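One chain is shown next in structure tokens, namely the form predicted on its own.
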């Protein structure tokens, strides 16, 4: 009997607890409903209007009629054939006339050294970037021949896949030692060097300040980086300072974004398109003032400027550690193929994983690496060669001053000068034809010149048409005098 009483008491208590819980839930639901009504009255008018519009739109969608697309009539076989015959596809590439300058080649026979054979005629070479005359050097050729017999012709693989030879590591070590940096990395194609280095560091959202006269390889690197590009006027430090100040103000407005945004200045040591030297000391001051990184492209200045040919840093006496990355090709002064970047070890090592031209291209043929090493030996053994080159550059520069109808573009220390028309006809094609007639005129008198070529539709800032005059250490004073006389004579005959 006691147990039955206990069970009954327990059931009664459970029933009471359930009833209390239901009462609480009902009161809670009433309280939520009260809060909803209260919130409805307290909500702003625009909020209620927006919700009402959304509810009406949903109701309209639910009750709107559905429409079926009208079935198109099927074409007969005859109609299909007629449409096919009428259709004319757009040209894959724009039409180009057969007499376009890029389609008419001057054929070179033999090495393009001091004397060059063009279209069967021997000329004095003022058209090749063989500044130090190493292209036909006996020591360089013998070193390349020995390497060819040892390693074969090519590598058939990128550096990361059995494409790294001992001679590659030796060349990288020698370049780092020559430039007085911690480490260097070599590429198998000069153009791809800076074009691969820029996107290896600068990514989407980063900001790059670049000189508007930058060469085409820099432009392609900027395009591949997908960064924000801000161009400043050529060698105009006031314009660059203005852009950096504007960016500094934007960074103060959004400090969170500024913390993750990298900023770079990209310039050339000696500009390919203008033959001007960059004001490097001023750029270094701006680097530390605005906290940006400097990428320096030295394809023309390497092996040319400085007491030992180390480029624009040596020319101005700037500490090379102040430059974050230096790149150059080995296709000018060294007279080989490929390019290199040098700097601090942690900077260079990043390219071994992110430099597209390094990771995906077959490595530099060993014989060309061996030739570059021998060229470095010659440059170190005979630093007077750079003094000779500077003297000849200055001589040519002053001799070409005052050429009738032509304007000399560049600085006295540049081995790559430009001659452009003082008065343009207003038509680029007409100006190019005029300059071509001057080149042909001097070619008949056994002097080889060349017209600067550009991808006109691809260039960010297209330079005017020019004749490029290239100076080397092998040119004698008599040959320089003859070339200058021929150019002046041709200008008078063609322009006037």
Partner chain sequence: MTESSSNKLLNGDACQRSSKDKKSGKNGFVKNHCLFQQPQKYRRPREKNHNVVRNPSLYNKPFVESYEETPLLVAVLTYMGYGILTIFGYLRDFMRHWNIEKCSVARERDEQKDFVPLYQDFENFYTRNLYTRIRDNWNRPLCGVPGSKMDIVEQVSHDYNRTFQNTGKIMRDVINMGSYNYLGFAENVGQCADAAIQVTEKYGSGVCGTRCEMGNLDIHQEMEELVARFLGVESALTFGMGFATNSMNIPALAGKGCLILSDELNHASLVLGARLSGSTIRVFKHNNMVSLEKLLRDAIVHGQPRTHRPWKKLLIVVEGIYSMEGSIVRLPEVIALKKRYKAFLYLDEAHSIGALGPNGKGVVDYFGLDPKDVDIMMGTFTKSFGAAGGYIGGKRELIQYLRSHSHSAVYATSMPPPVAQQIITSMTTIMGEDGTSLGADRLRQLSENTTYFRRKLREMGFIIYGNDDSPVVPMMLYMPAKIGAFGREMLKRNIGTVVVGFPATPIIESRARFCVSAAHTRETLDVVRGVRGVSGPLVRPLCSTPLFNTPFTRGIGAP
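What you see is a predicted model; the values in this text were computed from it and never measured. Residue numbers count along the first chain shown, from 1.
Just so it is clear, the following notes concern the form predicted in complex with the partner chain, a form of the same protein that is not shown.
K.L.:
Quick check for you: of 342-350, 172-180, 229-237, 386-394, which stretch puts a non-hydrogen atom within 4.5 Å of the partner chain in the model of the complex?
P.N.:
Heavy atoms within 4.5 Å of the partner chain in the model of the complex occur in 342-350.
K.L.:
Using heavy atoms only and a 4.5 Å cut-off, decide whether all three of 91, 287 and 452 touch the partner chain in the model of the complex.
P.N.:
Each of the three qualifies.
K.L.:
From the list 440, 51, 35, 458, which entry has a heavy atom within 4.5 Å of the partner chain in the model of the complex?
P.N.:
None of the other options qualify; the answer is 458.
K.L.:
If you check 245, 407, 398, 80 against the partner chain in the model of the complex, which one has a heavy atom within 4.5 Å?
P.N.:
The residue in contact is 80.
K.L.:
Can you tell me if residue 252 lies within 4.5 angstroms of the partner chain in the model of the complex, counting non-hydrogen atoms only?
P.N.:
No.
K.L.:
Just to confirm, residue 291 within 4.5 Å of the partner chain in the model of the complex by heavy atoms?
P.N.:
Answer yes; at least one heavy atom of residue 291 falls within 4.5 Å of the partner chain in the model of the complex.
K.L.:
With the partner left out here, check for me: in the model of the complex, does some heavy atom of residue 310 sit within 4.5 Å of the partner chain?
P.N.:
No - in the model of the complex, heavy atoms of residue 310 and the partner chain never come within 4.5 Å of each other.
K.L.:
Classify residue 316 as contacting or not contacting the partner chain in the model of the complex by the rule of any non-hydrogen atom within 4.5 angstroms, answering yes or no.
P.N.:
Close contact is absent here: in the model of the complex, residue 316 is far from the partner chain, nothing within 4.5 Å, heavy atoms only.
K.L.:
What residues in 109-125 sit within 4.5 Å of the partner chain in the model of the complex, counting heavy atoms only?
P.N.:
109, 110, 111, 112, 116, 118 sit within 4.5 Å of the partner.
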